[in-house]
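Form predicted on its own, single chain, as structure tokens, below.
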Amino acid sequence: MKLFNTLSREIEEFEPLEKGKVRMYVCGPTPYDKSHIGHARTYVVFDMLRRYLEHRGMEVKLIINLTDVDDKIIKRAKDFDSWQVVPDRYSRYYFWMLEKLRVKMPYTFPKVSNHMQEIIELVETLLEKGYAYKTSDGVYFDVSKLPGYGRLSRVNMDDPKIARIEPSPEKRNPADFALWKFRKEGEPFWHAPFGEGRPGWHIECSAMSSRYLGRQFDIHGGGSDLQFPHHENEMAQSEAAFGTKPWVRYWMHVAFLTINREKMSKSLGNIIGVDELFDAFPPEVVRYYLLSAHYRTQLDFTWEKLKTAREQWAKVVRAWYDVLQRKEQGIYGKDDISREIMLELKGVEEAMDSDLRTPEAYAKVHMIASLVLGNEPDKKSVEAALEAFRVIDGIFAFLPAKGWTARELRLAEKLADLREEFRRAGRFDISDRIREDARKEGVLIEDTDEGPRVKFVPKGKED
């Protein structure tokens, strides 16, 4: 298995520090507002990576943090009674999104507010080693003390915008960043040996990742916008404090998601919340769409593209439902396509082994669906298809719940028989209405030489 490493800018063979075990940290949200489609893409991609690693037989320990102490939260708290209300409210929305999108829960969701002791100890270590210094407004990391600073993001150190990220007249270097911000009126604060205050943005992830994964681990991930300054600064302070290099073996970043080829921003008013998506499309369709492009490729969102994704998704689901129903009813054909199905499934794994090339994997998934829908699979082939769909759903998790029971199947068959009676009696107005209403509920009634046959199809939401 190979993955692209942002640090080296190369696709590398993936070899975890401990054989068969993967330690992975993904930067979680700062819950000061509702989660949007860009957030959804990042967490769905890393969930897919986690699922594929597990499919390959590895044990994955995943940590996703919650930044519940931050400038944005403090600013938003002006609309509420206290600052704690903000992260409590919007983290619930975030967890709701993860559940809808079938993101598997990590080992833990550490909060900044619950790990102040680890953060304070890390700042003390950096002060003692001479990598940090105090000013009147906080404790800063001195980037000049760490050779190679900037090698993760390839940032231009002469860019004047760097100094504006964390402006302070007392900083020694423009790129120096805050480890600890001293207490200000009306802001939350904690006691520390170097002064009352609260942590800077970057120090939290170094403290929490080392708490749960150790001082060196396998994968660190997040959106591409986190490369600088967040991940660059995380890496700098961690390597300085722990003396490990590289601190993280593989850095992975998910590319931006745009809306009609424009960057999402509040000023443009084009931010799409996940609740808007779920109001219009099943979460499984949204997940299918978010994984359809390679994670390092920019994904451009339009409602039309999501509708197209629903049609593609529906084809796969129809094939899955077809083999489920054949198994349930014992209806088998004469075509042995089991070998072809297994070859396509192998192609899925080969594409995923090569830096998670989901577009190629999806093409193989659709070939499996075409084999099922274009033939009358025998029992061996039905079993092969069921196994293929089990693996596919284990990796991509976009197949819906089966959505029907044996009792519902019997009721659907009785409805089809009733429609057939009306059709034979010439009451086509009633028979057509039964057929159309059944279709809306995910039941397709087909007329065959042997009589009516029902098939369960993806119900989906209307345009």
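A residue's number is simply how far along the shown sequence it sits, counting from 1. Bear in mind that the values here come from a model prediction, so they are computed numbers and not experimental data.
Below: the form predicted in complex with a small molecule, not depicted.
Highlighted residues 39, 43 and 222: every one comes within 4.5 Å of the small molecule in the predicted complex, counting any heavy atom. In summary, the region of this chain contacting the small molecule in the predicted complex, judged by heavy atoms within 4.5 Å and restricted to 426-434, 391-399, 407-415, 31-39, corresponds to 31-39. Although the partner is absent here, residue 48 sits far enough away that none of its heavy atoms falls within 4.5 Å of the small molecule in the predicted complex. Residue 255 belongs to the set of residues with a heavy atom inside 4.5 Å of the small molecule in the predicted complex. Shown alone here, residue 324 lies farther than 4.5 Å from the small molecule in the predicted complex, counting heavy atoms only. Remark: residue 66 does not count among the residues lining the small molecule in the predicted complex, judged by a heavy atom distance of 4.5 Å or less.
Just one of 226, 306, 74, 162 comes within 4.5 Å of the small molecule in the predicted complex, counting any heavy atom, and that one is 226.
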